[in-house]
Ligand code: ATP
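Before any questions on how it binds or moves, here is one chain, the form predicted alone, in structure tokens.
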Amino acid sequence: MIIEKISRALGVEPWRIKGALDRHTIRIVKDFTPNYIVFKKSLGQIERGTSVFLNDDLDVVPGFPKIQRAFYLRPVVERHFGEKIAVEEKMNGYNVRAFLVNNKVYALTRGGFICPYTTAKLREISGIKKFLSDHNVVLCGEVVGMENPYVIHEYPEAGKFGFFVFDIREKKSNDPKPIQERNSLLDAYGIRYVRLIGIFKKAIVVEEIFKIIKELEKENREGVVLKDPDMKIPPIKYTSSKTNTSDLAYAFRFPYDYGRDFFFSRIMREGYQALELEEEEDDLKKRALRLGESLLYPMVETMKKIKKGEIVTEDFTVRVNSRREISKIETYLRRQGVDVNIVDIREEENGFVARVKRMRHSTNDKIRSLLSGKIE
């Protein structure tokens, strides 16, 4: 019966739903009321990260479509976009979808699971519940700031936690609102959104983007997203050299815990960007030095620590309203396969602050093994 209801809600044949359940590419989450199912992989037109809540209404929250990346910018712009292109800032955080179920605000991660930490934080933001009640849509945004379990990056305007909307999407169709309409709607409720840097003609947009990227690098910001102002064409993202090398420097602290595709993609971005900017020898040497340092220094620093007998961990801080929330975050992360330890919890005037260590076993075990004399 449940399979048939889900089939009708999504417009997918029942046998395909059953097959995905049998293959475990659909997961049933039973520690939430109502239970919900998560699409761990795409199924036909159903995006990965889609969640279906098994209440009377059978609420569906569509997955967020993957945004493709430009490596070599000019031909992408020529082939992909119309005559006007909106350029928005791409913020360095984690993707979240805010929505209502049973008249309560919840936050889904990119993978389609309800995050207790982000849910609690979004419920504190004025305007979100009223907006979702009035419009019955999904708010897609980036969470940024210095206190969260996922991506730590400082933005002065965000403080410890900031939620910036980049899309308003219809629940049934997953269609996004045009940019100007999106911003007007959000302004009316006082909800923040990503910065619209400008709308440019195709003929000049590439030169403008390279100017914008240079300015963003000075402020330690990530990059841009190129969009059709009417949102009829899928967006494209493009990041700065500093972002590429910062990502590499962070990942090479834990080189055996990140996939090789992560490293290779960012290294190749540097090559394509240097080519497109037609860098002369001096600029190319500076880029090469920056790239090499981002790989070697953090890797060697990690090796030194492990050689001394230390354990290398990924550390973060979360600020919540109760000890119970910290326990829920720990349980959630462990269920996602993340091995974390709560180092300490201190009570402050505005809540509780927990320091958390994420164990990076592959890096610690592999380097320790090789340093002890193992050969491969």
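Here the structure is a predicted model, which means the values were calculated and not measured. Residue numbers here begin at 1 and follow the sequence given.
Here the subject shifts to the form predicted in complex with this ligand, a form of this protein not shown in this document.
K.L.:
Please name which of the stretches 30-38, 314-322, 64-72, 332-340 has residues with heavy atoms lying within 4.5 Å of this ligand in the predicted bound form.
P.N.:
It is the stretch 64-72.
K.L.:
Just one of Val77, Ala251, Val105, Val194 has a heavy atom within 4.5 angstroms of this ligand in the predicted bound form, so which one?
P.N.:
Partner contact (heavy atom, 4.5 Å) among the options: Val194.
K.L.:
Which listed residue (Ser265, Asn95, Gln180, Asn220) meets the criterion of a heavy atom within 4.5 Å of this ligand in the predicted bound form?
P.N.:
Of the listed residues, the single hit is Asn95.
K.L.:
For Lys90, is any heavy atom within 4.5 Å of this ligand in the predicted bound form, or not?
P.N.:
Taking the distances in the predicted bound form, the answer for Lys90 is yes, it comes within 4.5 Å of this ligand.
K.L.:
Classify Glu142 as contacting or not contacting this ligand in the predicted bound form by the rule of any non-hydrogen atom within 4.5 angstroms, answering yes or no.
P.N.:
The answer is yes: Glu142 has a heavy atom within 4.5 Å of this ligand.
K.L.:
So, Lys227 and this ligand: in the predicted bound form, are they within 4.5 Å at any heavy atom pair?
P.N.:
So Lys227 counts as contacting this ligand.
K.L.:
Going by a heavy atom distance of 4.5 Å, is Phe166 a contact of this ligand in the predicted bound form?
P.N.:
Although this ligand is absent here, Phe166 would touch it in the predicted bound form, with heavy atoms inside 4.5 Å.
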